[in-house]
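Consider the single chain below, provided in structure tokens and representing the form predicted alone.
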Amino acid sequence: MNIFDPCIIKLTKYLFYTGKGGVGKTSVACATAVSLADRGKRVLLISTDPASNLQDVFSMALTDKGVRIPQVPNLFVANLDPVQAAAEYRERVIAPYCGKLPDAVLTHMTEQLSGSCTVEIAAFNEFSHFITDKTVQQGYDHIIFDTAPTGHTLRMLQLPSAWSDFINKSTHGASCLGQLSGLENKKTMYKQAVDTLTDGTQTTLILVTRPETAPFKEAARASGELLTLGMTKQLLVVNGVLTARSDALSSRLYEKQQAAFTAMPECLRALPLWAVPLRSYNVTGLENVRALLHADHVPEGGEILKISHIPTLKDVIDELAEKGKRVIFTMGKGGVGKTTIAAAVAVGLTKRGLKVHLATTDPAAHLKFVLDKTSGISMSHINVKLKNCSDISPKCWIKPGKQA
């Protein structure tokens, strides 16, 4: 497996990085941008991720207009906020009707424009400008997007001849009708953007994953969905690959990764495959960003943590059981392991004789990959879009999901 080095790969002008939360797509996208800029390419890096940590990566404040990175003169970074963009989009759609329609109707319109469809469309609207604007096109050698459009978004914006027919045929049905209502006057721009995304001479989809079963399955799903929608130029970057082992822990991790590679979905094997070695440091700060893709540029180690005792998860479970906690939430950034921790807590409490129900609000619903029916734990997936909530009354309710 070759080490990922964007400077030796023939890259298109537009690069879209996507992947399951926590796999390191932002880190790899940033390292790509810095590597290309260091080689003299003029690069614009744009994030449309609501949980973007670009400001932490570059240790400076960013805006949605594009900020020059002082230590990398050829690099400009823009941090788009799709949630804020969705609020502005909602205001543009509703504003013409204020004072003309009853308050109840306006309230209903606001509710209809407050779902995830609106956020996706608003994000697409924001970065469509960077794809279609001639001045932006001519100003950069590469434009890199951290977080690609989903298949759902592309289906909505492929702009067939009759929008009403599309809405009727859409698998999402009327759920996106209100969200689509403000797009009529931008058909031309969106068509150009979608045409660019599906043109393999201009755009490459870079699927970032980790050498683990669940991220591989998520990458395969995304690849297949976007492939059917015309994004055929794809490559796979596996982040965090262990290249050496020297003790029992590293050997177990190496074996686990190799097993995941062996079971990798066939559709991923057909893609150009690149690896980013597992690093022992956080990818924040320009020095660490530069080091990520270059083995000969390794930053110095940080301070050693001085603490006499670190409680284990068993200690946490003992305390939860002892204090009789009934509702337990696991929260955190995508990919940090909150579903795994929630499942471990559920199993631990069950072993202590408590009846546990494990529920998830995560759209990816990865609980099914962690536990099965033989665990003795009842489980449910609360689909926020469908607003279906289970009527349950267990002694302990553990809910892994996104932080409110």
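Don't overthink the numbering: it's just position in the shown sequence, from 1. Values in this document were obtained by computation on a predicted structure and should not be read as measured data.
Here the subject shifts to the form predicted in complex with a small molecule, a form of this protein not shown in this document.
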Stretch from 36-44, 339-347, 23-31, 374-382 whose residues place a heavy atom within 4.5 Å of the small molecule in the predicted bound form:
23-31
How about V93: is it within 4.5 Å of the small molecule in the predicted bound form, going by heavy atoms?
no
Taking the small molecule as it sits in the predicted bound form, is Y281 in contact with it (heavy atom to heavy atom, 4.5 Å or less)?
yes
So, V276 and the small molecule: in the predicted bound form, are they within 4.5 Å at any heavy atom pair?
yes
The small molecule contact in the predicted bound form: V289, any heavy atom under 4.5 Å:
no
Among K256, H129, K333, K186, which has at least one heavy atom within 4.5 Å of the small molecule in the predicted bound form?
K333
